[in-house]
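Just the one chain here, laid out as structure tokens, in the form predicted on its own.
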Amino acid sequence: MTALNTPIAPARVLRTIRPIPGLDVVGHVAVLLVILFACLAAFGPLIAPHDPNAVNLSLSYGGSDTEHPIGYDQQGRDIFSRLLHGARSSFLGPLIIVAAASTAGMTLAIVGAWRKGWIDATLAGILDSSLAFPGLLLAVMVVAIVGPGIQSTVIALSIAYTPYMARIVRSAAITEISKDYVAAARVQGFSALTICVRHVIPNIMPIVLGQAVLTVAWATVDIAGLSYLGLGIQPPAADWGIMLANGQTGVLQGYPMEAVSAGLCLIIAICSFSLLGERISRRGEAIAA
């Protein structure tokens, strides 16, 4: 039998799957769930078997069958298809928020840590004052002024999370900039931008990444909460927060599947990001130490 025709033993396949350094079993499970969440956000709308907004009142609160494994909501829409479509907004919204807040926060923090003096003191005072203002309240205020919708929610929460990310990055950046290799690079004539981009940012990135993943979990909660209150993503769009709000009526009438399925998806996603972010942060702090 040639090498091409030789079957691959299952044990050999398993040996090729190596654990991620620094992560325990719970961390690996969280990684797999986050990857699954990302795949659902990317391909969920493509593999959804039915139109998530197709209304059929004759099927209101209909039971599950082979084509509708979770059943129907109050308006006769397929719950499973709405869950798949809702994964995209529940994932992309927090991702955009964290990307914007991390970029802005890192820029402010590194500028303050590098320049020191009154610039750092002023930025630190502004950040401390901003942290005293609840981010969700800011989001509600922005939505009340601009109007409900995913755009206003993302903008408001990005602004709200920027001081938090900047505060975390500032502590790490001050520690990193005080190290000898930064002083040596400055003596050799490298610019501040070069030193920060090539050395400081890569060295503090594990801590930033860990906090960013944790923030995704919090942003997921806030977006779902605003959608639940009718201030975020608007019906009839499929969103897990909207499904929780719509599912309340079903729970009272003895049809809890919409609220339970959306709630479970949110819980699993939030716990996965929280557990993964906690372990990445712990790993980054150990490396920095």
Partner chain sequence: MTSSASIVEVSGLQKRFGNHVAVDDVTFTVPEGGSVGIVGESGSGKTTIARMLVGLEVPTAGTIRVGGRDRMPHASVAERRRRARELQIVFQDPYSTLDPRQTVDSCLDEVLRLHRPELNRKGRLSRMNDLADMVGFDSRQRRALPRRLSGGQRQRVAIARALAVEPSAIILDESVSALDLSIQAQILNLLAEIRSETSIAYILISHDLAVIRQLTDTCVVMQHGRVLEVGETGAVLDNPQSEYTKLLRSCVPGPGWHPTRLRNIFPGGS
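Keep in mind the model is a prediction, meaning the values are calculated, not measured. Residue numbers count along the first chain shown, from 1.
Here the subject shifts to the form predicted in complex with the partner chain, a form of this protein not shown in this document.
Look at 70-78, 83-91, 101-109, 179-187: in the predicted complex, residues with non-hydrogen atoms within 4.5 angstroms of the partner chain sit in 179-187. Within 4.5 Å of any heavy atom of the partner chain in the predicted complex lies no heavy atom of G149.
No residue in the set G44, H50 and N53 has a non-hydrogen atom no more than 4.5 Å from the partner chain in the predicted complex. Along 121-141, a non-hydrogen atom within 4.5 Å of the partner chain in the predicted complex is carried by no residue at all.
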